[in-house]
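Shown next as C-alpha cells: one chain only, the form predicted on its own.
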C-alpha cells in the first residue's frame, strides 16, 4: 500500500517556500513548514490549513534535528531561506550587511542540511533555493550573487556524496514575494513595470511559478545535481 510522503519545507511560511509547500501538499504530501517567525507560523493555520507549521530557527541545529527526528523519515526536504541584504556596487557594498546576509541564508542552509541528514529517507530529495544573481552578470550583485553561488555550489558535490538521495536547486529571478515589502510600494511597482518591459517573458515571476520548479525537483526521481533557472530570461538581458 502506497504511503503519503513526508515533506519538510524550512522557510515555508511565506513567499516561494509557502507556495512550494502548498504545491507539494496538493500533490498528496504531508507537508510540514518551519520558520523562526512566530507570527508567520501562527498565520499558516488560517492561510494554509493543509500545512503543519512549526516554529524552528534554522540556525539552531538541536531544534532542527529534534523536528526532523519527530517527522522521520523525511522524504523531501526543501530549504528556502532568504535575507534582504547584500546588494550594492563593490565601491559602496556594506560588508557587514553582506556578512549578515550569509548568516541569514548560507549558514542556516548548512545547519539544516547537517541536522536533518540522519533523519532523511534513503531515497529522499533535497531542494535548495539560490537565485539567478549567482549566474547573471548584473552590476550591483557581486555580493549577493556570491551568497547564492555558495548555496548552489552545494548541489553537485552533495548529489554525489549523499546518493541515492537527490540534491537539486532552483535559481529564481525577479519574483513578486514579500521579500520586496521593505521597498516603498510606488518604487516597487515602478521597478516591476520597468523589469517586465525588459524580460523576455514579459512579466515578473510569481511565487507559484517558482514553486512549480521546486515541486518538479522534489518529485522527479531522475533529477539530481541540477540547478533549474526560473528567471523569465533575466540572465540574457540587462534590466
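Positions refer to the first chain, counted from 1. All values derive from a computational prediction rather than experimental measurement.
Below, we refer to the form predicted in complex with a small molecule, which is not included among the displayed structures.
Fill in: Residue contact check: residue 215 to the small molecule in the model of the complex, 4.5 Å heavy atom
Looking in the model of the complex, residue contacts with the small molecule do not include residue 215, since no heavy atom lies within 4.5 Å.
Practice prompt. Give a yes/no on whether residue 113 approaches the small molecule to within 4.5 Å in the model of the complex, heavy atoms considered.
Written response: Looking in the model of the complex, residue contacts with the small molecule do not include residue 113, since no heavy atom lies within 4.5 Å.
Would you classify residue 169 as touching the small molecule in the model of the complex, given a 4.5 Å non-hydrogen atom cut-off?
Result no; residue 169 lies far from the small molecule in the model of the complex.
- Query: At the 4.5 Å heavy atom threshold, is residue 82 in contact with the small molecule in the model of the complex?
  - Reply: Yes, residue 82 sits close enough to the small molecule in the model of the complex that at least one of its heavy atoms falls within 4.5 Å.
| query | When the small molecule is placed as it is in the model of the complex, which of 194-202, 31-39, 45-53, 66-74 ends up with heavy atoms within 4.5 Å of it? | reply | Answer to the contact question: 31-39.
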